[in-house]
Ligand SMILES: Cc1cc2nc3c(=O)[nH]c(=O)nc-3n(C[C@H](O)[C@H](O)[C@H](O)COP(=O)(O)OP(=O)(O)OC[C@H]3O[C@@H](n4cnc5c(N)ncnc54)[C@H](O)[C@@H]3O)c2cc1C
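Just the one chain here, the form predicted on its own, laid out as structure tokens.
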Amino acid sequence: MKYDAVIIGAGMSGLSAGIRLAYFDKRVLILERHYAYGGLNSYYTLGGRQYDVGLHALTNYTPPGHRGGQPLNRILRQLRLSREELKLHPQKYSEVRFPGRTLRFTNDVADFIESVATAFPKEAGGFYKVVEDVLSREYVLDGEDGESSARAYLRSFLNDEILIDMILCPVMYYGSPTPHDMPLGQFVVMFRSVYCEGFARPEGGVRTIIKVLVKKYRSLGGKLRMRCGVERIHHDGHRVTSIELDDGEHVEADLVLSSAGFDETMALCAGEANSTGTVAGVSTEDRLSFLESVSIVNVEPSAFGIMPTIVFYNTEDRFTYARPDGAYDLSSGVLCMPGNFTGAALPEGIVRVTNLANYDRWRTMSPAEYAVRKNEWADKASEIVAGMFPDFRPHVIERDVFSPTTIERYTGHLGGAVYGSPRKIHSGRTPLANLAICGTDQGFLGIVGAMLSGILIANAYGME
């Protein structure tokens, strides 16, 4: 059967693009190589427990009844979803912790402004101007400031390098594919997402959003094939002519949207990609990846004194956001307590710890070394957290760890790059007229960003 559109990947962007196209009576097929939906934001079951992977929170939270052009409201309108379906619980408060300094922020940017003024009184006026300027800018990734330096931009308002590091730490961890800095356009998007609109968690975790998207897509007649990967994209140099599946079957479509990443998709066009996404001749050295441990604890973290929802921490004098030389970098990280969202009711307490990691170091380990090093990292990372907060380690009853190679195996993203290639294709265009990309390499990141990317690309290329 020939489809109006075939979408590669059943992640947030692919599902959202599929829904959008199906609303306009397009015959749509989504292909997913793995057994689980969600891509970079998914979940899995281990030992009878369900674990979330991907970002710790949905950004861009908009309170009930708030009308306006915020991304979440736009997504709800475009996908015709109700807020009630997502069952969102806002954060209580989160922190940025550096040696001797702590900033607190909530879903009200006024609290962050006050916290900065208290911790950095000489910078209060400059930071207020940063907020004003960010909110005055368009919510776009490109344009004349799209690729200029966010760090240089902050220096035009602020003098204290530590404050600049503290502002950048959360937005880099939650949305920068670029070491040490990030493009100004991406910074504006992430600053508004994190500090001005804030965090929420769906009741039941990321699976709640995934199930809502899958149900909506199928209700509109969309076709979804799981455990059905793409072996090759055939083309005549101008247009895609067919898609060859892993089992040799060919399908045809007027439009192909790929959430696999730009380089990964081009490799499929050249017949150079394998099942893990590895592409000959493409370096992974410029791609950032992470290690994460998910610890199940026998009581909610707030019961033993860990009160923030999310903590972005740094233990050194300056913040370094880059691919580490060793297997991992313990100098900074993210600590998340899913049970500390307002109104959250989890069956068990959870503590998640995330650090930067070097994909190539993990890729070359033997299975025995890999197992030892995963536990070594998780133990050291937990020890650092225990030095900042009441020790959660005596309460741990189960723990799972995933690495950059885990991320690559289940997403196909080169180098386990959570935020894809530093090179973003904001237009979604590829050299083939009827092939476009959506998702991380289009530029919008995170749960809301991925859904928005799928919608924008579907609107741009699929409404003819």
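None of the values given here were measured: they were computed from a predicted structure. From 1 onward, residues are counted along the sequence shown.
Missing here is the form predicted in complex with the named molecule; even so, the following discussion is about that form.
Comparing 227 to 235, 323 to 331, 371 to 379, 342 to 350 against the named molecule in the model of the complex, the single stretch with non-hydrogen atoms within 4.5 angstroms of it is 227 to 235. Although the partner is absent from this view, G39 contacts the named molecule in the model of the complex, with a non-hydrogen atom inside 4.5 angstroms.
Although the partner is absent here, I8 sits close enough that one of its heavy atoms falls within 4.5 Å of the named molecule in the model of the complex.
Although the partner is absent from this view, E292 contacts the named molecule in the model of the complex, with a non-hydrogen atom inside 4.5 angstroms. At the 4.5 Å threshold, heavy atoms of R33 reach the named molecule in the model of the complex. Residues from 387 to 424 that approach the named molecule in the model of the complex with a non-hydrogen atom closer than or equal to 4.5 Å are F402, I407, Y410, T411, H413, V418, Y419, in the order they occur in the chain.
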